[in-house]
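Just one chain follows, in the form predicted on its own, and it is written as structure tokens.
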């Protein structure tokens, strides 16, 4: 026997049924908002990542040389691929471009709760609009797909921030500071203790007194005091960023999702390509300690891949962390297969059973019948194992009487129906048995 690779998972039918229901719900919400589905290669040139992050990132990739000596990798994320796709057909695509895609990704990293080396997520992006309403729409969609999954306002919260506000405040200190490293420290602030956080800010260029002052400033800032923070920063960039964030939050309110959002300047997102509003979704109870998903604006990425300057905003719910929240809230779908009908054969009735099976499937029911020559009892046991709602018994005596016997698998009750009256023109198995 071969062992499964660490960080990779198998999904058996019962598990996959629950995952499929979650994914279908997310994708249905995307389509309702006018996002269109795309697909892309699982293998890309490794230079798409090494050119921007350096060769050191190869240790985090499933990268190798192919037979043509090209340096390729299994894709660790979709954003560069989506940027490549937009850049390739930029003049042909109507703006705004609203895309979604559900697929696997691969990263060679430490396996932990909610984090695997192969993982699945739905990427949801708007390209070509810098309007605050685009940011608000992706936040509103994020909230709506969660409520579609059965969560309510007490189950989750969106923490919304703006990287340009953080950058402006950091630059206002009279020191030589590495803003990128400092923002990375902010992103880690809730995962480490205060002393370690201040150490990281000091490494980025702040003094320890300035690190404490910066920490106090962003922690204490509310939506009502954003203008005061911009005054402290004292730059046009700070005022513009506050104006932008306020416009986004106002638009979120008009979309009906403001109850799910709170201002949190301690939220920064760790990826350097984010340029403006960023947000993360968290379990309101704190039982799921890590971010469920996050996103934000990345206006410079398309241009960095050779395209024209193109504003963009998006997020990506993943199917390792999202189920943790749904399970905590008790709304994760049952891990069970479902079957509408099992057509049970008794005696020499294979032809008639096959005809009935075909007719039921044409009506889009989920139907199974015997393909193994099993006994009556074995067929009934199998029907129970696949969660069949109704068993249709097609026996020689039944057919001689021009009828079928229907067995309700939940109650065990049986009744007969005329062959001419079954299946009915409409209604499901519950209406038939």
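Positions refer to the first chain, counted from 1. Worth saying up front: this structure is predicted, and the values here are computed from it rather than measured.
Beyond what is shown, the protein has a form predicted together with a further copy of the same chain; the following relates to that form.
Asker: May I ask you to check whether residue 424 falls inside a 4.5 Å heavy atom distance of a further copy of the same chain in the predicted complex?
Answerer: Answer no; every heavy atom of residue 424 is more than 4.5 Å from a further copy of the same chain in the predicted complex.
Asker: Just checking whether residue 369 would be counted as a contact of a further copy of the same chain in the predicted complex - the rule being heavy atoms within 4.5 angstroms.
Answerer: Contact with a further copy of the same chain, yes.
Asker: Taking heavy atoms only, is residue 223 within 4.5 angstroms of a further copy of the same chain in the predicted complex?
Answerer: Contact check for residue 223: no, nothing within 4.5 Å of a further copy of the same chain in the predicted complex.
Asker: Using heavy atoms and a 4.5 Å limit, would one call residue 104 a contact residue for a further copy of the same chain in the predicted complex?
Answerer: Contact with a further copy of the same chain, yes.
Asker: If the cut-off is 4.5 angstroms on heavy atoms, which of these, 406, 63, 399, 380, is the one near a further copy of the same chain in the predicted complex?
Answerer: Contact residue from the list: 63.
Asker: Among 255, 232, 271, 208, which has at least one heavy atom within 4.5 Å of a further copy of the same chain in the predicted complex?
Answerer: Contact residue from the list: 255.
Asker: Just one of 182-190, 272-280, 319-327, 347-355 has residues with a heavy atom within 4.5 Å of a further copy of the same chain in the predicted complex, so point it out.
Answerer: Going by heavy atoms within 4.5 Å, the stretch is 347-355.
Asker: Heavy atom within 4.5 Å of a further copy of the same chain in the predicted complex: which residues of 16-46 meet that condition, in order?
Answerer: 16, 20, 31, 32, 33, 34, 36, 37, 38, 39, 40, 41, 42, 43, 44, 45 sit within 4.5 Å of the partner.
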